[in-house]
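Just one chain is shown here, as structure tokens, and it is the form predicted alone.
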Amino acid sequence: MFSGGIPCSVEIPKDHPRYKSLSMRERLAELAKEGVVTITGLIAHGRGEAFDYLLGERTIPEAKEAERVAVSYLLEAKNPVISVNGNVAALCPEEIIRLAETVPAKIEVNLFHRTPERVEKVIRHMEGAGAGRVLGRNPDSLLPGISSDRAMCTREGIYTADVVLVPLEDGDRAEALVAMGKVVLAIDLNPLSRTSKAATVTIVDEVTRAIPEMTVMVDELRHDPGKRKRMISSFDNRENLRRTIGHICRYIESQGSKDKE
């Protein structure tokens, strides 16, 4: 979506050093006015952007490793589902659709700030981006252990999924999904969050970088089940997060050293 920029009412020069970041902010702000994104979603995006600065705004090796393992799980799954909230729908709808079609996996809209009207807006936004069938309009099941509306889901999708990809997730539902015995694949720029710690695989990367990269990896891993199984069995999410935090610390130190030069 960002190869040529994203449409927004504010004209941002393409040679601006923060062109992509500013475009994302404007896009989220516009879709907040339309009701696809919530005000708290804007706050969450800003928090994630701050962590991305600490990664040097790039995909680090630990994230690449986690992305490959996540794709391996998606390809091994019997009923993989990609969960979509307002921010994900706003930032990378086409990329989510492409990944879902490539695996293939189902797409289900699941919202914390849920109203029937907002669910419809998010689903229509995904459909407008080219999605075929999007689950979530008519939830018929509840995830145990969650008191918020995020418990509402479909039996065909998230409730019976064995692997769930949850970009930009909240910790309560990530923990509940794991407690149900599901493999949870999180995309979260904060390696210290409850979601990151609860997930089976945590990809500490910006979602518009991670999803296209994972789509490429699907084709690389599709015909190598042995490699997929080896990657899954050898992956340690806690160790990957530990190395990610170490990377952040070293990056901060390197920036401090540059200031002294």
Ligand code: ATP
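Just so it is clear, the structure is predicted and the values come from calculations on it, not from any experiment. Don't overthink the numbering: it's just position in the shown sequence, from 1.
Beyond what is shown, the protein has a form predicted in complex with the named molecule; the following relates to that form.
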property: Non-hydrogen atom within 4.5 angstroms of the named molecule in the predicted bound form for each of 44, 168 and 205; result: yes
property: Options 224 to 232, 46 to 54, 30 to 38, 64 to 72; stretch whose heavy atom lies within 4.5 Å of the named molecule in the predicted bound form; result: 46 to 54
property: Position in contact with the named molecule when the complex is considered in the predicted bound form, options 193, 200, 215, 59, heavy atoms within 4.5 Å; result: 193
property: Contact assignment for the named molecule in the predicted bound form, among 161, 126, 96, 189, heavy atom within 4.5 Å; result: 189
property: Exercise: residue 91 in contact with the named molecule in the predicted bound form, heavy atom 4.5 Å; result: yes
